[in-house]
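Starting off, we have a lone chain in the form predicted on its own, written out as structure tokens.
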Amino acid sequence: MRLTSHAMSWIALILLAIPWSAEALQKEVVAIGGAEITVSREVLKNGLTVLIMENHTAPTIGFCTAFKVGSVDEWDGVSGVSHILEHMLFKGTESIGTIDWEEERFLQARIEEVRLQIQAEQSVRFHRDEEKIAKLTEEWMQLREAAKELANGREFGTILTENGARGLNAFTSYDATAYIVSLPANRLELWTILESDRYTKPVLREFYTEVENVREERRRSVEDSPGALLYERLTAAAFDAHRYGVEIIGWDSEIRTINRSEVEDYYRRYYAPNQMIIAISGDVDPEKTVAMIDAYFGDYKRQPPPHPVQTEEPEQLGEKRLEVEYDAEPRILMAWHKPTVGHPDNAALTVARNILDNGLSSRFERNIVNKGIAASISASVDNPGERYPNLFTVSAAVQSPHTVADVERAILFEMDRLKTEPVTAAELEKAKTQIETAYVRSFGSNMRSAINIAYEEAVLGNWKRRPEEILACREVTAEDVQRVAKTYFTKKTRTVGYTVKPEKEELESAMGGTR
């Protein structure tokens, strides 16, 4: 085991003799697509849910720790906080990533104190004391540099990497946040030690540096991407009230002004064991693994359940249209409001999506891309998330010399065909087979298996709801597809967005006038 000297001495102090005993675990089995998926479940006394899939084909383990919190749980003023926390939980703990924790803790507290003073002064609308702000800012920067000298924000990742980790990463969605890694099977206890310390004693070190990195990520991934920018603005238009209308990464003005105290408060609300799922897939003994997790996570304190999202999106009362100016080839994005997983119509909408867009023989590919109207096209049945009613979306890149209007007409023609013509038996059967096959194939690695069951447990309440929804697709008829198309693909519930190049006159003006 190769570790940094500081971390090695710390881990040596806390290695325990684990009592390898646990009550019989609950076994959950789903048969689908010719495969059988078996998951062992245990819920610890503090509410932490443990899901385990045995796979002894190789001495490796895939880990996924998921929390039932995503950007949909945020509020005005702190958009992007879930994503910021995703970054921060790689920065170490009170024991990992620091040279002198007591001194660093003092500096961190002072950094935040000065930051709040700066924000208070900046909030003054009239007669703001700019000299005071400048002095505080100078002190703040000096404190950050001093704290930086005591920190090694990469030590957590270094320990794992030097012990054979692969795919160390995390992701934030609208509905959940997850942390993933793959390790050799003989590093199970090391992962358990590090992961428990990570969530019970996190240190949001180098916080404001990381916020600056997140702002740069937003510029790169959203503002400099015509497709992502169009998606952000369309969902903001499609949702009048619900938080699905705010992009995961958040608004730049809120990222810029968020402080560490707000993020720590958010962490206390949502990052508790009763909000947490640990999924493990690989070469493990389920009973021994649960006993080990209980030994290291058992003292992680349960918190009161956070206040649930209660905002319901009001009925859309007419088509919404928007354009986004961007100097790139035009794109179009169309969205229709629809129900989510668990609603009786969602399976039929999933089948409809696969008939329109899944493979070279799909309707969109044959009738729009192959005819040169669009360069590419895709459809989704679950944007932006799945915890709440969502959107059926169609996105396309226009193929010159065609226009956005040409692509929109072609898309609407195919959507209307679903209403007026029953889909063929061959299309129906192919779509159902594709849906089941894709799900089974998504368990192709230990990492992917762990992600699947952890994420579905966090978002849908139980990982089995996904395969149950997919099995419900078997019962969908041509009449069902026609019915849901008529019900949901209407002008009234539609939002249409597209990019347009800036007017020539505006470009010339930006360059200093005509030549």
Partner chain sequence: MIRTVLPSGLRVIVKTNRLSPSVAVRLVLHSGTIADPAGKEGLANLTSSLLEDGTKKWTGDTIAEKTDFIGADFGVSVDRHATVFVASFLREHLAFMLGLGRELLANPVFPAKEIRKVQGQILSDLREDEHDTGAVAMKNLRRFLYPRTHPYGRPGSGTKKTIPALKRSDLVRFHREEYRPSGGILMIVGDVKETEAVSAAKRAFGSWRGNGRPGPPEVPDARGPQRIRTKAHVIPQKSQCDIALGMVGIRRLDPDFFAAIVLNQILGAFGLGGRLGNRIREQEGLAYYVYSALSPTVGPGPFVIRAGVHPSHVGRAVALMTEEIDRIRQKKVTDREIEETRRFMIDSMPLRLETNEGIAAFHLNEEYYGLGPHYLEKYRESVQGVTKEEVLAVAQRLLRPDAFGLSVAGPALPAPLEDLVGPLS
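Residue numbers count along the first chain shown, from 1. It should be emphasised that the depicted structure is a prediction, and the values quoted were computed from it without experimental measurement.
What follows is about the form predicted in complex with the partner chain, which we do not show.
Scanning A426, L317, I99, A405 against the partner chain in the model of the complex with a 4.5 Å heavy atom cut-off leaves one residue, A426.
For the options D285, E329, E139, E262, the residue carrying a heavy atom within 4.5 angstroms of the partner chain in the model of the complex is E329. Proximity of A165, T433 and F443 to the partner chain in the model of the complex is complete: all three residues have a non-hydrogen atom within 4.5 angstroms. Among residues of the shown chain, T487 is not one whose heavy atoms approach the partner chain to within 4.5 Å in the model of the complex. Taking non-hydrogen atoms only, Q482 never approaches the partner chain to within 4.5 angstroms in the model of the complex. When contacts are judged by a 4.5 Å heavy atom cut-off, T60 counts as touching the partner chain in the model of the complex. Although the partner is absent here, D240 lies well away from the partner chain in the model of the complex, with no heavy atom inside 4.5 Å.
Looking at 343 to 351, 68 to 76, 150 to 158, 309 to 317, the stretch with residues near the partner chain in the model of the complex, meaning non-hydrogen atoms within 4.5 angstroms, turns out to be 150 to 158.
Residues H87, K91 are the members of 81 to 113 with a non-hydrogen atom no more than 4.5 angstroms from the partner chain in the model of the complex.
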